[in-house]
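One protein chain, two forms: both are listed below as structure tokens, the first as structure 1 and the second as structure 2.
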Structure 1
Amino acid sequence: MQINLINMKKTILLLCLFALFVSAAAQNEQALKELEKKSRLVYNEGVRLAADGKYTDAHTKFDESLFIQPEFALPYIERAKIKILNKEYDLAVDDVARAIAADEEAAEAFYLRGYLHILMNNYQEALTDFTRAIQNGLSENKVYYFRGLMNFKLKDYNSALIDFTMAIDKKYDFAYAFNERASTKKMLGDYHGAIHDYNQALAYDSTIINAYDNRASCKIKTGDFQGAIDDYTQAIKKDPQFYIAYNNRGNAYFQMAEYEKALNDFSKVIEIKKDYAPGYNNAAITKIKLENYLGAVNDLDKAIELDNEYGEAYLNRGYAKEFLGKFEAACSDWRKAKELGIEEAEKYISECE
């Protein structure tokens, strides 16, 4: 009987200890919940401040939230966004890494890290992170758009086409996605499809100047030279310093055998961009067509001065020198062009021997 009484006392003591343990655990859990709640409230204040453009105050709130709950991923993500705005990219990278360490399913953290990789020209790493963001549930148009850009950079044009289409499906008036999808179709040789998408891009945003330039190059591929001229002209009206549009319009005029107009455009290219070697080369080949061989040699001298590895310029200078009766100098230029990989120079070198 005595033994049973002792056992009973031990059981009661154990039950009391267990009850105290459960009570303490419950109190700890409740305390943790209170901390989480407080951290979340402070974080929400930071989000509101950031939305109002009060980034310094918002950053302070995110710091407070993390002081209360260091393993809370969202404040790290929002802090990283502010640091990106301030161009503090190294600090942003650190915050994103902390967010991912706190929550490996934080889709937006992977998106931000992908964006930071773009800024550092790490295209394959960016592609991987954008894919991870999508796998973790981020389905906004921007993540497909940026992944499309990375696929384009890495020359996976079919994947880029899918991504830009996904971005457009999620935002029907996404002008830049139309523009990039058009460029992707252009790379795939679908010039009519590209023209359609450039039309859409410009319908939604007429300020995308390179869309005029790119649409023009597609029109040339389809034989619509006048349409191309019109587009290049529109691009130049939008930006009178857009020397690439002048250069491309000059090429279009050259193909149409309108050499005076071509030369005017190439001269404008040189005026705007004095260190653009192709501008001098293009002006020179137009002058050759106009039988101004000395002027062509002068332009090609400048092109080679700017880029002494410019094989095409050596080839063309050889033409001009040949017309001027400088055969040995012409042969020397053609040999140099061949050294630089210009296969066309071979047939002219054979005349030198």
Structure 2
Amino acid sequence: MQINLINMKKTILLLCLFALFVSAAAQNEQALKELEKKSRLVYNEGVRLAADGKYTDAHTKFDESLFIQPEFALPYIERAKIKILNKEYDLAVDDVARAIAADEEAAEAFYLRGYLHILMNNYQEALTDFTRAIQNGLSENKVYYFRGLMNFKLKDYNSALIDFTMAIDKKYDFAYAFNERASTKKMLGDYHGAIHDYNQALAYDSTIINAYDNRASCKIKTGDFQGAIDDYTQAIKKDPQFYIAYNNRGNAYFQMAEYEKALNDFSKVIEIKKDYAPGYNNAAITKIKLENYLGAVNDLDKAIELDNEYGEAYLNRGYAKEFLGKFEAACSDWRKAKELGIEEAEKYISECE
């Protein structure tokens, strides 16, 4: 009887302890819920501040949110975005890594990591991350846009075409996506389709001046040289320092055998961008057409000085030297061009034997 009493007391004691434990656990769970809720509320404050463009204040709120709940992925993501905007990429990389550690399904964290890979020219890694972001449910037009960029960079133009189309489907006036899709079509040889997309890009954003330049190159492909010249001129008018447009207009004039005009444009390229080797190369071949072979050799010397891997420049310099009767030097240049992968050089070298 006494033993039963002792057992009963023990049981009661255990029950009391259990009750205390359950109560403590419940209280603990409640406290955690409160913290989570508080953290989310602070996070939301950060989101609102970010929406107003108050990124510094928003950053502080995300810090606070993470102080309350360190395993919360979203504030890391938003903080990383602010760091990217501030060009603090290393810090952004840290935050993105923490976000993924907190939530390995965090789609936007993969998206941001992909974007950071782009900034570091790691295109394959970026492509993988964007794909992961999409697999994890991110369906923003931008994720398709950037994945399209990576596919373009990696020369997978068919995949790029699909991605840019997805981006446009999700945002009908996405001018950049139209421009990139146009360039993709150009790469795939669909020049008319490309011209259409460049038109759309410019309709939605007339400041994308490279669209004029690219549209012009498509027009050349379709034989519309005058249309191309007009587009290049338009690009130059909008951006007088856009040396690429001068270079390409020079090429159009060159193809139209208007060598004086071509030389003017190539000279302008060199004037704007003194370290742009193709400018010298193109000025040189125009001088060859104008029978100024010594001038051509001087320009090609400069082009090669700027880029000693510039195979076309070696090929052209050989050509200019041949005109000057310097056959050995010409052959030497053609051999170098061949080394650098210029196929035509092989044919010319046969004349050196």
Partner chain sequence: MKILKPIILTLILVTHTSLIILAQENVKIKKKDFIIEYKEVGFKDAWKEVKAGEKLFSAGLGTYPKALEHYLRAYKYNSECAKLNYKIGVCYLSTNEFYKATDFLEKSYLKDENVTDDIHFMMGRAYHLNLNFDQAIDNYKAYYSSFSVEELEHLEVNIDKYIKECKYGKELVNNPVRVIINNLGSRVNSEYDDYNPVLHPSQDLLYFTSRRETDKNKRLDIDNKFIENVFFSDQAGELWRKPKLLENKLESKNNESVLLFSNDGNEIYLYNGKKNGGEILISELKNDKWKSPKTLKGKVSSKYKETTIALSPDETEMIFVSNQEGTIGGMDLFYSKLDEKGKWAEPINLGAAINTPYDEEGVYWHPKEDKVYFSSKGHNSMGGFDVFVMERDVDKMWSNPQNLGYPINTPNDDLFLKMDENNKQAYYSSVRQNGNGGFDLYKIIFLGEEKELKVTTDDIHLAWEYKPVDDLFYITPQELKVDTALFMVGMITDSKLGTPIQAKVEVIDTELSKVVATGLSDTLGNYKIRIPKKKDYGVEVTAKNYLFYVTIVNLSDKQVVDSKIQANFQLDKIDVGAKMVLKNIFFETNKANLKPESTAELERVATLLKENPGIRLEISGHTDNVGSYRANQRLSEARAKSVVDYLINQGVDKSRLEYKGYSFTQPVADNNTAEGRAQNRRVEFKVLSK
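Keep in mind the model is a prediction, meaning the values are calculated, not measured. The term rigid core refers to the maximal set of C-alpha atoms that superpose within 1.5 Å between the two forms. Numbers follow structure 1, counted from its first residue as 1.
By the stated condition, namely the form predicted together with the partner chain, the second structure is the one that fits. The residue from I288, L188, P240, S267 that marks the hinge of the rigid-body rotation between structures 1 and 2 is P240, the others lying more than 12 positions from any hinge.
Put simply, the smaller rigid part swings 10 degrees relative to the larger one between structures 1 and 2, by C-alpha superposition. Core superposition places the Cα of E343 5.2 Å apart between structures 1 and 2.
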